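The data below hold one chain only, encoded as structure tokens and taken in the form predicted on its own.
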């Protein structure tokens, strides 16, 4: 009887939150799955049921696979670089030197700027005529290296990746800095007594003890990268020649340019499935830290 009362008490507190979650998350997702089975122009009441035809077309669509490839490049290249930079800055900002205090003051600066402003800022950095990058190269006599960075297929995605790294790194610096702060000071003192300094202390003490923080960081990076939209849309609109096309810019094109809302919704469902698959794979990989495995 006591267990039943306890369960009812817990259920009464969870019910409002679960109701809100079901209404704003689960119901729209189920509705999106339903819409993905129709051929629909979005504004008309007429919807033609086509079953899995949208998904068959999706898997034979070369632009879809190019978008997936670009998203994965941003994840495994730009995302990895952002995390590496963030860990380094968070470790360096741990001290009490002037440099450490300066780093703590500026690493969150990109996060307080609107993403639209970030995209426009980096668009002008890479502008071929008035851009800061090409202007700097010409100023030091390296005119031959000046390029249309966002208009050249071989460099456009890398340029977007640089802007992405600059924008997201501040959040991950804060995340890793909090993780390093949570490591007991006794651990660092013991490492000092054992002669672990600099990179050796980082490799043997700090990095292994950030296991749970790394799990959160990588899952959140997957969500960030697979949902990147405004940065790409404003900097390149997916060009040139689809070389910077990502899942959500292609979804936007299909929905609001081609009025193919059913097909666009199937893109949204595919994006969700990819995010969930990658996230579950990461959670499985990080299910147990090496330090626990040794026990």
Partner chain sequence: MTRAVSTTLLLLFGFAVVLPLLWVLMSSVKSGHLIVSSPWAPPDLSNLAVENFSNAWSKAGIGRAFVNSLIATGATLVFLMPISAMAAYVLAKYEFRGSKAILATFLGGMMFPHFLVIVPLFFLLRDLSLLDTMTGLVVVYVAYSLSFTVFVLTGFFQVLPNELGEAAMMDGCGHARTFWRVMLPLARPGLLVVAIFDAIGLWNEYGLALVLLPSAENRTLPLGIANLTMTQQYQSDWGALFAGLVIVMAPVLFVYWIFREKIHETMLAGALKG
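Numbering follows the first chain given and starts at 1. These figures come from a predicted structure and were not determined experimentally. Rigid core here is just the name for the largest C-alpha set that superposes within 1.5 Å across the two forms.
A second form of this protein, the form predicted together with the partner chain, is not displayed here; the remarks below concern that form.
Asker: Using a 4.5 angstroms cut-off on non-hydrogen atoms, would residue 174 count as touching the partner chain in the predicted complex?
Answerer: So residue 174 counts as contacting the partner chain.
Asker: Find out whether any non-hydrogen atom of residue 268 is located within 4.5 angstroms of the partner chain in the predicted complex, and reply yes or no.
Answerer: Because a heavy atom of residue 268 falls inside 4.5 Å of the partner chain in the predicted complex, the answer is yes.
Asker: Does the 4.5 Å heavy atom contact test between residue 55 and the partner chain in the predicted complex come out positive?
Answerer: Close contact is absent here: in the predicted complex, residue 55 is far from the partner chain, nothing within 4.5 Å, heavy atoms only.
Asker: Since only the chain is shown here, I'm wondering whether residue 248 would be in contact with the partner chain in the predicted complex (any heavy atom pair within 4.5 Å).
Answerer: Residue 248 belongs to the contact set for the partner chain.
Asker: Name the single residue among 140, 120, 193, 80 that comes within 4.5 Å of the partner chain in the predicted complex, judging by heavy atoms.
Answerer: It is 120.
Asker: Of 187, 84, 145, 132, which one comes within 4.5 Å of the partner chain in the predicted complex, counting heavy atoms only?
Answerer: Partner contact (heavy atom, 4.5 Å) among the options: 132.
Asker: Is any part of 37-57 within 4.5 angstroms of the partner chain in the predicted complex by a non-hydrogen atom, and which residues would that be?
Answerer: 40, 45 sit within 4.5 Å of the partner.
Asker: Is residue 16 one of the residues whose C-alpha moves 2 Å or more between the shown form and the other one after the core fit?
Answerer: Passes the 2 Å threshold, so yes.
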